[in-house]
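A single chain comes next, written as structure tokens; it is the form predicted on its own.
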Amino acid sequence: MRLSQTFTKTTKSAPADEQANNAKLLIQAGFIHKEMAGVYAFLPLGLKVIENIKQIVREEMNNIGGSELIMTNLQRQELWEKTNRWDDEVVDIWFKTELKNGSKIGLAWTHEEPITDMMKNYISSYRDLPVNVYQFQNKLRNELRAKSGIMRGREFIMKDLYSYSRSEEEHQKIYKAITDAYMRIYDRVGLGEITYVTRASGGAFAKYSDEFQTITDAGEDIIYLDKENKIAINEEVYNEQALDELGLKKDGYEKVKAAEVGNIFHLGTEKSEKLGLSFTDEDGQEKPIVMGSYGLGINRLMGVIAEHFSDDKGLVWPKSVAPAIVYLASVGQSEAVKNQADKLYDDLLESGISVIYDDRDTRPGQKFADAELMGIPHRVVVSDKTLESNSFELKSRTSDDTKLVSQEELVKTLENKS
């Protein structure tokens, strides 16, 4: 990516109408564009971060036997009426519209019903199970509040996986495997040490759920946390009745703010029975299928990462999700500097190292400030000074120190750290 060929621009000041720090930083750094409250476009740099997060999630979902697909966003009214979730009194976040023929349709806020209905074409025998299917898709939710930047949107990208099992025992094994996969995801994006599986209300999905909550002052939730035993409870179910049902005691917990970065549910057989999805077992008996639902908001996770990994200079992306490993800046307009920077850009790309190349005709201070604001893990400078010593200036985003290194040392360092 050459910045001279990219329309994205950074800005010095944060937008006045934005309250959330994640959105302020991402807008200033040129990662997102605000369309309206709770609705954001992802610009080239922001899209790279989104795709990096998606790839980490995809790898972990594939590792537990998930099959990726993509469903439609338009939803049939009669399908959702079978489970009573078309009713606005039951689900109050629907966006609904009409076709030209007057038929009412909904815009997907989740996909349990349509995927389960579809599975009737592909599951009939115990030999067809278990099945785990997932997708990345834009979901639409008519949220009352949308003041947390990309951490709570009215339109957002979700990874949603749905599991179909022959028995409760088989379902529990899958549920545990997916729980572990989620924690690996949070480890890989740098949030593992501050993210906890949290008992919570299941809302319109189930009686209870397991949320994944990351401790942050920017969060909208309050959780009660026992760090030593790795137990967390959402404030919404922190009462005697719920605690008794969950087998937990109401003492020894620390009250903290947190942001939900995932939510998974035991669905049992209720939806499969209502939607007519069953299978024939080894004895020829027809049985309902045990289901689970597993959500992870990609935008929200990106927002939490931006909140957690930032400082007074801007974003500080973990290498696993950064839009590039290196911010390459040419300083000076001599032909020799330009040629050396061009060559290094090509060499780094050939070595498999992702690069943002600041080849703009602008002052060095602007380039260095943009490198820090964008949060790229490493900055490399080519200048008349580095040409004289046949070296390159290398600086980490998390350090004020710079050093001169040979190209061989530079590539080795970046390959080891990328």
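A quick note: this is a predicted structure, and the numbers were derived from the prediction, not measured. Don't overthink the numbering: it's just position in the shown sequence, from 1.
Absent from the display: the form predicted together with a small molecule. The rest refers to it.
**Q** So which of Arg199, Arg152, His111, Arg166 reaches within 4.5 angstroms of the small molecule in the model of the complex, heavy atom to heavy atom?
**A** Partner contact (heavy atom, 4.5 Å) among the options: Arg152.
**Q** Quick one: of Tyr162, Trp94, Phe265, Tyr224, which gets a non-hydrogen atom within 4.5 angstroms of the small molecule in the model of the complex?
**A** Of the listed residues, the single hit is Phe265.
**Q** Consider Arg141 of the chain shown here, and say whether it contacts the small molecule in the model of the complex, taking contact as heavy atoms within 4.5 Å.
**A** Taking the distances in the model of the complex, the answer for Arg141 is yes, it comes within 4.5 Å of the small molecule.
**Q** Is Phe156 close enough to the small molecule in the model of the complex to count, meaning some heavy atom within 4.5 Å?
**A** Contact with the small molecule, yes.
**Q** Taking the shortest heavy atom distance, is Val261 within 4.5 Å of the small molecule in the model of the complex?
**A** Residue-level check for Val261: yes, a contact with the small molecule.
**Q** So, in the model of the complex, is Gly295 in contact with the small molecule at a 4.5 angstroms heavy atom limit?
**A** Because a heavy atom of Gly295 falls inside 4.5 Å of the small molecule in the model of the complex, the answer is yes.
**Q** Okay, which stretch from 308 to 316, 242 to 250, 191 to 199, 295 to 303 lines the small molecule in the model of the complex, with non-hydrogen atoms inside 4.5 Å?
**A** Stretch 295 to 303 is the one.
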